[in-house]
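Take a look at this single chain, the form predicted alone, given in structure tokens.
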């Protein structure tokens, strides 16, 4: 207890220096809490926006379909699967979907495209395609034999609203599937790969054209919370309705998205490490000065019988007091700042209007969690402890007689 009091009093012998050191630690802690929360929050927004444009959070498919898509690999009873997903807690909505590659021809040009059969009523609750229509209208069950196509594909085929699109492909039984559809709408997702190669038609039209007999290639689901995807996946996999089927989450469906997030996280970690190194040098400077200034004091204390290791312990206590106060200050302010922007959001400025056109929120929302709140400050605490230990280890090498002569 006496050493604790002594260490606490020593901090305030140089009040200004101690306060500046604690402010540096607190500011670094605040930045780490807020930036980590912002980074993880932006990942959630990015993932949610991406999967709602294409894959969904979860998909139920036939075994092997994802690795090698074939017309014959189907979910034979999609309604049973959709009922199982709908009654699973955490699932927001689900829809059935068919897809295959075909040749699509306008009057002048032909392109290979991915054609998808969708139910417009359930599809609009799961994905955002209906909000991406730039010309015309989205699919309607009351208007069969119509399609919507990507904007880049429309340019390449030189086709517009109301014009005919010829489709040629292979049915589920291996026979030729051919038909002529009318372009009802043109959409723009902002993802070039999608906009230049995707055509959507009614699921009922797809079923008739390709002889699906009510089967589909995937049942797509979105969930309320991204953090619950893994738990929901494990739950639905145990349902008897999905026996013999594969359940894939967004990381398996969009590995490129996962990799881009990992790369961004690595670059963020490098920046945080640089910040912590700067703080570490600040701490080292403070305690180097403290040791050199108090060399005579240490010599006197050792001369009267105080053991060098006890002095090292006192120095480290001083370090932990300053670090703890700085971290507490930074964590509280960082949490308050994060919580404020978690509700208000951070505007993306001029990019907000562009993002809104593609159904993406023009504001980013940080997400505070135990990981973002404690990981940065804990790392700072560990680094500052070892940084303070380096000058403190100089004390045992001091000789009392020489130390007492220091000025």
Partner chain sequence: MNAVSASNVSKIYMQGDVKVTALNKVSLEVAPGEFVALAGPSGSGKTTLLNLIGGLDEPDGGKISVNGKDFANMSSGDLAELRLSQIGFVFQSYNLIPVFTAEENVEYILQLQGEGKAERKKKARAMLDDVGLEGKYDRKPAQLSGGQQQRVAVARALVSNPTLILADEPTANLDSVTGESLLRTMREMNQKHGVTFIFSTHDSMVMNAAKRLVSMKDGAIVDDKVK
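If you're wondering where the values come from, they're calculated on a predicted model, not measured in any experiment. Numbering follows the first chain given and starts at 1.
Omitted from view is the form predicted in complex with its partner chain, to which the following refers.
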| property | result |
| --- | --- |
| Non-hydrogen atom within 4.5 Å of its partner chain in the predicted bound form for each of 46, 54 and 230 | no |
| Selected contact from 300, 320, 133, 171, since only one has a non-hydrogen atom within 4.5 angstroms of its partner chain in the predicted bound form | 300 |
| Residue among 304, 273, 176, 266 with a heavy atom within 4.5 Å of its partner chain in the predicted bound form | 304 |
| Residue contact check: residue 308 to its partner chain in the predicted bound form, 4.5 Å heavy atom | yes |
| Contact of residue 188 with its partner chain in the predicted bound form (heavy atom, 4.5 Å) | no |
| Touches its partner chain in the predicted bound form: residue 296 (any heavy atom, 4.5 Å) | yes |
| Its partner chain contact in the predicted bound form: residue 314, any heavy atom under 4.5 Å | yes |
| Residues of stretch 106 to 133 in contact with its partner chain in the predicted bound form (4.5 Å, non-hydrogen atom) | none |
